[in-house]
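Below you will find one chain, with nothing else, as structure tokens; this is the form predicted alone, and questions on how it binds or moves follow later.
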């Protein structure tokens, strides 16, 4: 297992360098970082020269990136275009987005796995068809429509949840978290159902039933463990997607998290904040996938020994 983890860590190094370079190049290499710094008027040449020198923008793109990477290795995400430390901006917002993501993950795991198991053990029955149709409806609706409808129905009409979540408390984040995890619930339910149905046809399950094990014990002890391997892989990859995809949900519910921060930074042409925030999202995504790979190896030791 130790060699397996070290191998995964070494594989992350080129991924980090490649993705962060692409992010940096797209933000600083394809546009004008000084655009909009002086409102609708063009900036004076002296201001642009000082601005470019301050952020190393007067150097070749590769040199800029190497200097940025050097700071990143020391934990320095730089200063944004408004003079604030990007790391401090992220530290203030990450707890809110993490709470939002945890609510979404718990929602998709509990409801998604339960729905998938019920559909799998009652294949072609009423529950199975209900799960398949309802999940198809959910994945067909854009997230901004689900968010607006949930805000209108559960926030405005019924009054069960706050309409906005500007303070980022757990109570305020429940409805945005359910909205954020709604699409993933559908995918987890379908994935669990498909995996469970396949495993129920396996030889080891027939052997277990032939030995007299009950259906509940066969599913709960022998089949569900193998069926959850692809689900865990999906959920692990989904953590990064949820944090990045929270931009729409956080905008709808006015959540002061990372997604809203990235949106405002893009709108304000603050490239330094965009690069810093997305870089941390990439690192979080890779870290979560490393944890998933380790869990994968624990659930199936053959994977760790390959």
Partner chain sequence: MAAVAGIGLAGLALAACGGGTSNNSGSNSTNASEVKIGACTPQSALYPGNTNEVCGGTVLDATTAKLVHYNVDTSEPENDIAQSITTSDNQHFDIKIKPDYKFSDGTTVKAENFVNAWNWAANCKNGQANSYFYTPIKGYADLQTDNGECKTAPKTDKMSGLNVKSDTEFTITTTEKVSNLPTRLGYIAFAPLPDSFFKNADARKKQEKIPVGAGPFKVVSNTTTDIVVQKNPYYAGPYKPHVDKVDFKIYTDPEAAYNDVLSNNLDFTGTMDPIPNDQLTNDQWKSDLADRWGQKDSSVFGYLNFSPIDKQLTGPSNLKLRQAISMSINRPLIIKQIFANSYSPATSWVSPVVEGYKAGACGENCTYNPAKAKQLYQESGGYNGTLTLTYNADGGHKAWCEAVASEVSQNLGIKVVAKPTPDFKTLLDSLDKKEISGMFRNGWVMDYPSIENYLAPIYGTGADSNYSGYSSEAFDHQLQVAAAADTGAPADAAYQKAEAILAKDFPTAPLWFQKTSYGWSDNVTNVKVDAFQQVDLSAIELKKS
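Positions refer to the first chain, counted from 1. The structure presented is a predicted model; accordingly, all values stated were derived computationally and were not measured.
Below: the form predicted in complex with its partner chain, not depicted.
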{"query": "4.5 Å heavy atom contact, residue 244 and its partner chain in the predicted complex", "finding": "no"}
{"query": "Residue 254, heavy atom within 4.5 angstroms of its partner chain in the predicted complex", "finding": "yes"}
{"query": "Non-hydrogen atom contact residue 268 with its partner chain in the predicted complex at 4.5 angstroms", "finding": "yes"}
{"query": "Touches its partner chain in the predicted complex: residue 58 (any heavy atom, 4.5 Å)", "finding": "no"}
{"query": "Heavy atom contact within 4.5 Å of its partner chain in the predicted complex, the stretch among 276 to 284, 236 to 244, 60 to 68, 42 to 50", "finding": "42 to 50"}
{"query": "Sole residue of 216, 212, 83, 75 within 4.5 Å of its partner chain in the predicted complex, by heavy atom", "finding": "83"}
{"query": "Check all three, 124, 293 and 298, heavy atom within 4.5 Å of its partner chain in the predicted complex", "finding": "no"}
{"query": "Partner contacts for 156 to 170, taking its partner chain in the predicted complex and a 4.5 Å heavy atom cut-off", "finding": "156, 163, 164, 166, 167"}
